[in-house]
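The chain that follows stands alone, in the form predicted on its own, written as structure tokens.
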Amino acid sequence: MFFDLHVHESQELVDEVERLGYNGVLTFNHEEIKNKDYPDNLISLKNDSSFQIRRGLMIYSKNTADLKRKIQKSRNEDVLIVYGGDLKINRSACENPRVDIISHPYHGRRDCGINHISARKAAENEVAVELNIRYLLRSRPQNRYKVLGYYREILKLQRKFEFPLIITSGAHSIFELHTPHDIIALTNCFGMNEEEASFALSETPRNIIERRDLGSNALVKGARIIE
């Protein structure tokens, strides 16, 4: 079962993700437009089948205090993605168990944005570090080798600290979507083996969805309310 947990909110994109062979998708609003109307009938229809749709919330913050405030304001059932890049934001996101995914930790940097401290915290708090395929493919040809290097650095840290690693399309249009098998093949470019890539496209996103589905019924890790 494959999932794409970073797709812009569009019925066309959702339909294409399903056609390409995924079992679920996460569409998200930017936090500034969180209350935007969305076709709930589409979600209800799809979730009655074998294809799952979840909503996500992308959080942008200028400093750690602002990040903590926005996380606190979010609903418990939201899948939370923090847009990274700033080293302090990256570390704060990895230290917060309410965060599900740290997105683009390498954005605008000369390194991967994840150091040993952040990697250890991400493992402790089950914060997934994202490898975004759109970011790689849309980078300038002369800079693409740098992005590949960032992904290799993250993969090396993941193998050491065992934090969750997730691969997403980051798609804004249907032309930026790829089949799971094409993405798995692409990950060879930055050193992932087939087992690692499959896990990052299946088990990691499924674990995130299951954790969020617990929602307010989760008391502590490993416990829930049974009615």
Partner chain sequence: MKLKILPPHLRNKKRYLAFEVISETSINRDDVISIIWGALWDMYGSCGISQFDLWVIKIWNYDTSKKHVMKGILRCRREEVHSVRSIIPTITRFKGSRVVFHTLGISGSIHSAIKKFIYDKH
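Residue numbers count along the first chain shown, from 1. Fair warning: this is a prediction, and the values are worked out from it, not measured in the lab.
Omitted from view is the form predicted in complex with the partner chain, to which the following refers.
When contacts are judged by a 4.5 Å heavy atom cut-off, Leu165 does not count as touching the partner chain in the model of the complex.
Contact annotation for Thr179: at least one heavy atom lies within 4.5 Å of the partner chain in the model of the complex. Among residues of the shown chain, Pro141 is one whose heavy atoms approach the partner chain to within 4.5 Å in the model of the complex.
The partner chain is not shown here, but in the model of the complex it comes within 4.5 Å of a heavy atom of Glu194. Screening 50 to 58, 66 to 74, 198 to 206, 182 to 190 for residues having heavy atoms within 4.5 Å of the partner chain in the model of the complex returns a single hit, 182 to 190.
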